[in-house]
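In structure tokens, the next block holds one chain alone, the form predicted alone.
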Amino acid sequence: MWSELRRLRDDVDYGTPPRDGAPVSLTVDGVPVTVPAGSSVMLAATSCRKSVPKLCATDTLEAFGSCRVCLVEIEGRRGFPAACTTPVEAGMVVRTQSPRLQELRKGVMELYLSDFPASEVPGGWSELHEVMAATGVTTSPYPTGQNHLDAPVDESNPYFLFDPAKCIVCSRCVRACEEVQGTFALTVAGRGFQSKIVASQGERFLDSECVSCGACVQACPTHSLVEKSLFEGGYHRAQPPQA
């Protein structure tokens, strides 16, 4: 029913919600496509089956533009705008793939992996792993520095857990808590490297205003928030490969 109301295919995430404006025609990777005014370039690209990598974007939440892996090229414009936050315009010519775009996306993913448990890369099935495959990135060239890999796991909630070592602070959980559930139990605390997802005033999930609706778990692209039922015998991060 939800997909019928949105007029979107159930098995495809269009990155941003649909709009109801007048028809706008543009070209994406040489393919003509028409979408309602107010739609994002990402939705237009997905509508004509031109995949754009994404991490902070999903079609059940308003665009946020923080992850920077959905960069595209638009003819006549400087720079590399984010596909999720760029609205379509009539006659727009968009490129979703080029050597320069691949290079930029690769650099962004390598930065994410510089503060992500290396042992959790092989065999993963999250959206982050899908973007790794799309960009051809599985390791980071950066030396070990300050990181969040030793941050404690919050297993206080009986249904799901939060492993901050796998969090990329994309804010999808925060936005889902606000836009889908309306609970406002999650927020981003701190700035820059100190930024982190917290429940209420930095409390455990069980002690916070969280109502265990699961919207944040469904929204998380890295399995930082994940159902406990997936881990028989308790949650343990994958072990590093033996040398």
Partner chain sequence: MSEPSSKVATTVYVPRDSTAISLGADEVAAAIAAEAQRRGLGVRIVRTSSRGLFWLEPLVEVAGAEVQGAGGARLGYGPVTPADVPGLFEAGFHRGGAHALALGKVEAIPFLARQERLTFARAGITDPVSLSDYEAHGGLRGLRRALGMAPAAVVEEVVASGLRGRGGAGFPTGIKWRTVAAAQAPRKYVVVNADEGDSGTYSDRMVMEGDPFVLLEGMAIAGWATGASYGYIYLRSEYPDAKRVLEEALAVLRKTGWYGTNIQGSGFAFDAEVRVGAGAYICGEETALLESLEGKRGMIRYKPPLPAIKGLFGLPTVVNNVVSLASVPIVLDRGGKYHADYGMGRSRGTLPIQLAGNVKRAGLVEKAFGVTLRTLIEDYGGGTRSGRPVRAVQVGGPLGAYFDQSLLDLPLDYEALAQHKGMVGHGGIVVFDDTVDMAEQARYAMEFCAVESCGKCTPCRIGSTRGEELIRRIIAGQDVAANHRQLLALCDVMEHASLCALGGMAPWPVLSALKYFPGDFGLPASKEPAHVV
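Note that the structure is predicted; figures quoted are calculated from it, not measured. Residue numbers count along the first chain shown, from 1.
The discussion below concerns the form predicted in complex with its partner chain, not included here.
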item	value
Heavy atom of each of Arg49, Thr96 and Met132 within 4.5 Å of its partner chain in the model of the complex	no
4.5 Å heavy atom contact, Thr144 to its partner chain in the model of the complex	yes
Its partner chain contact at Cys173 in the model of the complex, heavy atom, 4.5 Å	no
Partner proximity in the model of the complex: Thr27 to its partner chain, non-hydrogen atom cutoff 4.5 Å	no
Partner proximity in the model of the complex: Gly65 to its partner chain, non-hydrogen atom cutoff 4.5 Å	yes
In the model of the complex, the residue from Val137, Val169, Ile74, Ala165 that sits within 4.5 Å of its partner chain by heavy atoms	Val169
Contacts with its partner chain in the model of the complex, stretch 74-102 (heavy atom within 4.5 Å)	Phe80, Thr85, Pro87, Arg100
